[in-house]
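Taken one at a time, structure 1 and structure 2 that follow are two forms of one protein chain, written as structure tokens.
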Structure 1
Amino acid sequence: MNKDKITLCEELADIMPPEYHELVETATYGKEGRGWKDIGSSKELIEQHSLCAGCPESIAFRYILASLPAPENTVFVGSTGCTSLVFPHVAVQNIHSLFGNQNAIASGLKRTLKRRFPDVEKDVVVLAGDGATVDIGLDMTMQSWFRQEKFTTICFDNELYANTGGQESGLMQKGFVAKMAPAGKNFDKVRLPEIAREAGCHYVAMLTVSKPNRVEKAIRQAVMIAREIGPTYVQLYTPCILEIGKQSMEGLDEMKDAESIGGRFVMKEYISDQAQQLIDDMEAEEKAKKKAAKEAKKAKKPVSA
């Protein structure tokens, strides 16, 4: 999709409800340097969500959508799960794939987009739960990394199959007792970030969504590195408050606890040398732009008598 196409037909614009006018007038499509700070001052690319009240996934969606470098040229590939309930409400192109197939679909899509639009950078971002990424779809997930497919995989890790009532998943922590897994889990949480690094991902990050600036940085870097170098993986802890017996207001605290020292989700990043070089270049470019803008502003200031 091109940014220029996100407009209404003039003849019928006056019958469109306000949220669509806002999407055209104040959404941040095409804005350079867009980020989580736009939330509240511009139209978000998520209208409502159909998740439970207080679900951390909804926060994650908002931060991710605010952080994509070019939402008008991005296609999400989703899979079955809580995330798939949200995609109908998202104003970014998206495809729902067969459960577990998301990385295979994304591989074909990315290659096709490259051929169809050789002059435009089209980003493909897989966004799926831990069941689709690590259990049922692990084959497709890893094969896409082995093949060095140039797209980002984001896993919403809620440590179980939440959508179907709390079955055990590979990313569930050892010993956890879920509603549909009463005996408790017998083996350790799958260390997918390490697997991703060994499988060829150039950028891997594992974090919670309690801090929007961290999420923004991770998503931005993951998308840019996938665009230029190769596969990237971001694992976000989005606890299912229902399944772990928390209240709506306790999701944030749960994430903060999980990322504190000794917790399961202390932030970690793996960056390949090639990716690090790209990040350094991007940061230098950003710095130079800011400096130039500052100097231009200074030059415009009238000299006082």
Structure 2
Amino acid sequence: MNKDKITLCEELADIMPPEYHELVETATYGKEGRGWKDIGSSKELIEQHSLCAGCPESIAFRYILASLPAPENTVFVGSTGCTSLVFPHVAVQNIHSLFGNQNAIASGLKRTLKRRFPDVEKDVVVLAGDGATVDIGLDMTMQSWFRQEKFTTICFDNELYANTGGQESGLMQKGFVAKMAPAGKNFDKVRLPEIAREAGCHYVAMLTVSKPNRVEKAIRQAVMIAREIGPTYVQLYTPCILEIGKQSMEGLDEMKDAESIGGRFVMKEYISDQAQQLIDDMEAEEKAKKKAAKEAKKAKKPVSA
């Protein structure tokens, strides 16, 4: 998707709905420095959704969309789950895979896009829940990492199967009692970030979506590293407030509690040596660009008498 694709046809402009006019006028496609601060003023960053009121996944989706380095050249691969309800509202090209095979689909898609568009970098980003990522789809998730496929995997970790009644998942906390796990889970939460690191991911991050700056930085780094070096993995805590007995306004508090000192979602990050070098180069380039812009602005400033 890019602004060329949504440009209004002059002959039809007068009959197009005002919402479409607004989309064309406010879309951030191609905007340098786009980010989470554009949420609320840009229609394509999910103005409406069909998730539950206050669902942290809706926050995560918005931050991810706003953080993509090149949304016009990005394809999402989704899987069955609560995420499926959002994809019809997403202004980025996307594919809905079968439950658990999202990383296999993404592998073929990334390779095909590379052959089809050799001169344009097409980013592929997997978005799936904990059931699709660590339970039913773990084999295909890990095999894509072993093969060093160049795309990012993002797991929305709500620590259970949220849209099918509350069954336990591999990422559920030990001892947690859910609607369809009345005896409580009897084994520890699977340490998928550690598995990702050992399976060959060059960048791994685990965090909540309570702090937009952190999420934006993690997503940008994950996509850029995957583009240049190899697989990356981001695990976002997006609690299902409905299944854990919280009110619609309590999702943010739940995430903040989980990331407090000693909490299970204190931010963790792993960066390979290759990835760190790329990050350092990108930061140096960004600093040089800002310095050049500042000097250019200073040069244009009139000298006061």
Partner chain sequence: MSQYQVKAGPEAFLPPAAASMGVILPDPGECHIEGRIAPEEEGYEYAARKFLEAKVPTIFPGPLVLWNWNENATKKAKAIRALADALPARLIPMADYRPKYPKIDAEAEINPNHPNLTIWHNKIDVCIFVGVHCHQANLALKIIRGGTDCFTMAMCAQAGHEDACLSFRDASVEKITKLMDAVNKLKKEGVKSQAESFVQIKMTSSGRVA
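Rigid core: the largest C-alpha set superposing within 1.5 Å between the two forms. For residue numbers, the reference is structure 1: its sequence is counted from 1. This structure is a prediction, so every number in the text was calculated from the model and none was measured.
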Legend entry - Number of the structure representing the form predicted in complex with its partner chain: 1
Inset, instruction - Superpose on the rigid core, then tell me if the C-alpha of A13 is displaced by 2 angstroms or more between the two structures. - result: yes
Inset, instruction - Return yes or no for S41: a CA shift of at least 2 Å between the two structures, with the rigid core superposed? - result: yes
